[in-house]
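The data below hold one chain only, encoded as structure tokens and taken in the form predicted alone.
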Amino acid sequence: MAIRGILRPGEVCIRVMDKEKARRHYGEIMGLHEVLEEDDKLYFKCWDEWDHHSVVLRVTDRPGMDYLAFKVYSDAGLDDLEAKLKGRDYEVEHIEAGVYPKSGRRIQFTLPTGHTMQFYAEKEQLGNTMGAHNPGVIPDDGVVRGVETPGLDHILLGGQDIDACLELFTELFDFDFVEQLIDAESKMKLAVFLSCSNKPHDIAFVRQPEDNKFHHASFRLENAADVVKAADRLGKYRVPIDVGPNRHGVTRGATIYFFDPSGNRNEVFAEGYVHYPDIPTLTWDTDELGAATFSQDFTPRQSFLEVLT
């Protein structure tokens, strides 16, 4: 298997302002499984994720993201990543095992866009009820619910120096530079999409006038029909919709965007294409901004471009 090193976005900590409203949104409506509650935090996993949790909600007085954590293949990989970061003069903080629940040791640093990012290699696994021996094809009854998302897919972050983030992820972390949106006249990069897997993106950055901004956390679905079903459920419970259902030109993913009760944007995302390292970086420019963002009606939305937490 070729995928080693950094595996995937394994955990995102989202700030929420009302614990019970957030619990209902992410638990009952989204269908994530609550696995732990601490004083000011709720921990959730998606049904087909083996690790203990992938979403942490922290109750505070403002929305946004506290940190993003990627899981790496081995504990030795943390030492390698730390050496690379220190070689570029990044300050690296050590977090001992157990400080974060059910998790091994972590390293933490600040991205050029001001976001807090962590790497970890170990987390307790709860499984998906199907087991690893003769697992079958569906989980136990009642496990799949809500919008039926099997897992956390990717994160989109906003900040000023996305060029430095592009360099960091491609040169130090071995991510592929999969797609970009550029200004048609100046050729300035406005958004970059990066992958450590075969997905169109595992993380993306959009240029913004303020650092440390959170655009959305995206949850995977199996197909475009499931996106429409998710829209029906979101409509039933009057969840505020930003865009969708639609399809992106960038990544080709079927999508719907919506907001949690604190104003944080969520996405459900399906399909897209399979990425391989020998595929050249795909480029969209602002002459086709509508089709790049939403290909079915080629209409850019100001809220999508400007509203971040």
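All residue numbers refer to positions in the sequence shown, first residue = 1. No experiment lies behind these values; they were computed from the predicted model shown.
Not pictured, yet referred to below: the form predicted in complex with another copy of the chain.
Checked against another copy of the chain in the predicted bound form, the candidates Gln118, Asn212, Ser103, Ser195 yield a single residue with a heavy atom inside 4.5 Å, and that residue is Ser195. Just one of Val99, Ala76, Ile138, Ala83 comes within 4.5 Å of another copy of the chain in the predicted bound form, counting any heavy atom, and that one is Ile138. In short, of 90-98, 219-227, 157-165, 103-111 it is 219-227 that has heavy atoms within 4.5 Å of another copy of the chain in the predicted bound form. Another copy of the chain in the predicted bound form comes within 4.5 Å of no heavy atom belonging to Leu308. Another copy of the chain in the predicted bound form is approached by Asn128, whose closest heavy atom lies within 4.5 angstroms of it. The shortest heavy atom separation between Asp278 and another copy of the chain in the predicted bound form is within 4.5 Å.
Residue contact with another copy of the chain in the predicted bound form: Glu288 places a heavy atom within 4.5 Å of it. In the predicted bound form, Trp47, Asp48, Trp50, Asp51 are the residues of 21-55 with at least one heavy atom within 4.5 Å of another copy of the chain, listed from first to last.
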